[in-house]
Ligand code: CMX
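Here we start with a single chain on its own, the form predicted on its own, put down as structure tokens.
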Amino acid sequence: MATLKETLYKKIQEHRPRTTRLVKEHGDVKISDVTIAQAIGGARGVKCLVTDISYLDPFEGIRFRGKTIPETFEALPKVPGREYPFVEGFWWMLLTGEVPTEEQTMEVVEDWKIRSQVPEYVFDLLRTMPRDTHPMTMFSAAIVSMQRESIFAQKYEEGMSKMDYWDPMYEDCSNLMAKLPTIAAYIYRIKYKGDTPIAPNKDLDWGGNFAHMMGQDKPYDDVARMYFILHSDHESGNVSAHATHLVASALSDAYYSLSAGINGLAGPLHGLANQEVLRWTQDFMDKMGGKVPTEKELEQALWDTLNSGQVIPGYGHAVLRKTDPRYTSQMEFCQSHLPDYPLFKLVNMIYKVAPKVLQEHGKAKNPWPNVDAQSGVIQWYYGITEYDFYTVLFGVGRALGVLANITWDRALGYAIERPKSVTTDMLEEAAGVKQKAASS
């Protein structure tokens, strides 16, 4: 049976001529025109990044290697006796575009167990940090501290062919993925659970072991598998994916690159959104006296929120123009495992009422919920009530996508990213509104 690395190498060899031909024979073909609004507005919608790992369609949602979220969950080998698949098998699929067999999946399971030992100095570093340090700071610091372990940095220093850059990058990314659950769970336990870290259990798969080290019983292991797969990738343009790609484009290794992506994920406009949604939802329920409101009461409350100049957190998306399929997947989990939980009942009712209110309000481009509208509720139900830690969970999942992407970036020899800037004067001149300087 071919190993993951051998399968990936074959895929790389098949793909390289496609990229080379596009640049040599069709490099002048235009795929996008940039407007002034895009130049000033964060390059939104500008088609200038390439990834085959995932694609976000405005009306269909995310596809991982061409598969929708339901198709992904259905196709991948599942952990025996559990509802959700091995994350290790998902890693295989992200890298190769192929659904692995059970044997291939178990190969990655065992490989990650071998790679999972976290250097002791990482724990020493985390212990020197003040306990009120944000967990994302601790997570990023732990990742970049392991840069000394980088195989890519070592091989590059020794000298190697550009065609082989992907190989040590693959090794670094695999080593990182194997270690991240232990680091994340360690941060959680020392920061929030009285400094009581739980040792890994090598008999468990990656998702199951994470739940074990968090101190969580079943079915939280399935929550972890679902959550990490859903949050893994979202094209290349979001901040965490783009930051990881950008830093890696300078031939920085995976440790530098992922740390940069994690730092971007920590922003309130990116990964922190899920905790803000949960806080808003809980405050909303408190205002209702702790009870689930009627739909009429909820509708009035939502109008009051919008009329006061506030937004409904968790609704709207930069690209999507439908209900986020990641929201739907988590909603289905809640309907199966916590249907009577008051906070879920409120979230579910908001889903029924808010789109109509937002459509009548008329200012939202997308009146449908995104992934953040649901994810915090599940974590809270299972006892993960520390808001600040939610983005670390997001980061562990996001690493799957961004590390798969930078492995392929190196395999295809993508150049250092260096867009060109213009001045405001240039924009005004292009728009025909530049005023000539008064003559002296």
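Keep in mind the model is a prediction, meaning the values are calculated, not measured. C-alpha atoms forming the largest set that superposes within 1.5 Å between two forms make up the rigid core. One rule holds for the numbers: they count along the sequence shown, beginning at 1.
Note that the form predicted in complex with the named molecule isn't included here; everything after this is about it.
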* Does residue 64 reach the named molecule in the predicted bound form, with heavy atoms at most 4.5 Å apart? -> no
* To do: Look up in the predicted bound form whether residue 314 has a non-hydrogen atom within 4.5 angstroms of the named molecule, and give yes or no.
  => yes
* Asked: Hey, in the predicted bound form, does residue 44 get a heavy atom within 4.5 angstroms of the named molecule?
  -> yes
* in the predicted bound form, residue 298 touching the named molecule (heavy atom, 4.5 Å) -> no
* **Interface segment, criterion being heavy atoms within 4.5 Å of the named molecule in the predicted bound form, picked from 360-368, 330-338, 102-110, 170-178** => 360-368
* Run the contact test on 189, 201 and 204 with a 4.5 Å heavy atom cut-off to the named molecule in the predicted bound form and return yes or no. => no
* Check each of 349, 129, 306, 75 and return the one that places a heavy atom within 4.5 angstroms of the named molecule in the predicted bound form. => 306
* Structure fact -> Checking 294, 196, 310, 161 against the named molecule in the predicted bound form, the residue with a non-hydrogen atom inside 4.5 angstroms turns out to be 310
* Go through 268-284 residue by residue and record those having a heavy atom within 4.5 Å of the named molecule in the predicted bound form; state none if no residue qualifies. => 268, 269, 270, 271, 273
* Asked: Is the C-alpha displacement of residue 192 equal to or greater than 2 Å between this form and the one not shown once the rigid core has been superposed?
  -> no
* Core-aligned C-alpha movement of residue 121 between this form and the one not shown, 2 Å or more -> no
* Determine, after fitting the two forms on their core, whether residue 312 shows a C-alpha shift of 2 Å or more between this form and the one not shown. => yes
